[in-house]
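This document opens with one chain alone, in structure tokens, the form predicted on its own.
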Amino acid sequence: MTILTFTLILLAGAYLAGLVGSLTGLGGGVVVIPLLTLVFHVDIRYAIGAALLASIANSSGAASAYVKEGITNIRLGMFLEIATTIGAVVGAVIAVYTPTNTIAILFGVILLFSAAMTIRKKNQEALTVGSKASFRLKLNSTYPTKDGEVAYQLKNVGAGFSIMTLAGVLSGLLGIGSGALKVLAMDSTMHIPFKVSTTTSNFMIGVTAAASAVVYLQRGYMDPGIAFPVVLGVLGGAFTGSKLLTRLDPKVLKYIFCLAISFVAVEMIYNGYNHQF
């Protein structure tokens, strides 16, 4: 396979990854890494490095739109980024010394968890009585709806912060945004409305990925020949996905994607268990 052929196929694959990730809310990393490792047999650490760069680009583009609309809770995002950034650096350092087969098995397990999280019932209601910590830290806010501004308050701030630290570790270790864990922390634990939790999570992913990417860059796991087409493809796919989201039924897409990603997860676990990475 020539370099040009490899680049074009990778660009097309990354575009599909960004498209599917945008439509399902899981991000392109959960598709890009299996694509690079299972199809192209790229070392998983180089695949993670490319996925982290794609996450930074993707988050930067999408987050700005949500911030402009007033949905993202910027203060909450900046507060929780303390946890995710610390966790991301720790996870990236651990990844350097962890066997690739172990990383592949853990990646498969997280994919299965992410697939399950996409089809669970979402918290759509705004909490009217928050905790003392949310008032002290001024984390309560509002978000716009078609019926006007809706106020919401937070609870279990400490527990949410702890889960975010774990999400950061997994992000640095596996190269994915860990959006499922972040939404679990904000949606289920802190009882933030789903629309706010997903947009705030998207706002945070880029910063978390940037912290991890520094470690991978220092260790030499950033290959421009892999990262460049991945970043371009994922960005293009995410932009297309945002346009298609209003025309397609996201519920049907999520069920289809859950089946596909579960198959990929089992394949990653199987190959990791048999030391094929």
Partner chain sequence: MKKFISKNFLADQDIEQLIGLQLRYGVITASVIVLLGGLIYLYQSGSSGMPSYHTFIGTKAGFTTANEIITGLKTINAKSVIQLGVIVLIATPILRIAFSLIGFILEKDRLYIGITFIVLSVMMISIFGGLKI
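Predicted model, so just to flag it, every value in this text is computed and none were measured. Numbering follows the first chain given and starts at 1.
From this point on, the text means the form predicted in complex with the partner chain, which you will not see here.
**Q** Given a 4.5 Å cut-off on heavy atoms, tell me which of 102-110, 188-196, 85-93, 168-176 is the interface stretch with the partner chain in the predicted complex.
**A** Checking each option against the 4.5 Å cut-off leaves 85-93.
**Q** If the cut-off is 4.5 angstroms on heavy atoms, which of these, Ala159, Ala116, Ala151, Leu137, is the one near the partner chain in the predicted complex?
**A** Among Ala159, Ala116, Ala151, Leu137, a heavy atom within 4.5 Å of the partner chain in the predicted complex occurs only for Leu137.
**Q** I'd like to know whether Tyr143 contacts the partner chain in the predicted complex, with contact meaning heavy atoms within 4.5 angstroms.
**A** Result no; Tyr143 lies far from the partner chain in the predicted complex.
**Q** Although the partner isn't part of this model, could you tell me whether Ala213 comes within 4.5 Å of the partner chain in the predicted complex, counting any heavy atom of the residue?
**A** Yes, Ala213 is a contact residue.
**Q** Taking heavy atoms only, is Leu38 within 4.5 angstroms of the partner chain in the predicted complex?
**A** Outside the cut-off, so no.
**Q** Looking in the predicted complex, any heavy atom of Thr7 within 4.5 Å of the partner chain?
**A** Heavy-atom contact with the partner chain at 4.5 Å: present for Thr7.
**Q** Which residues within 219-240 place at least one heavy atom within 4.5 Å of the partner chain in the predicted complex?
**A** Those in contact are Arg219, Gly220, Tyr221, Met222, Asp223, Pro224, Gly225, Ile226, Ala227, Phe228, Val231, Leu232, Leu235.
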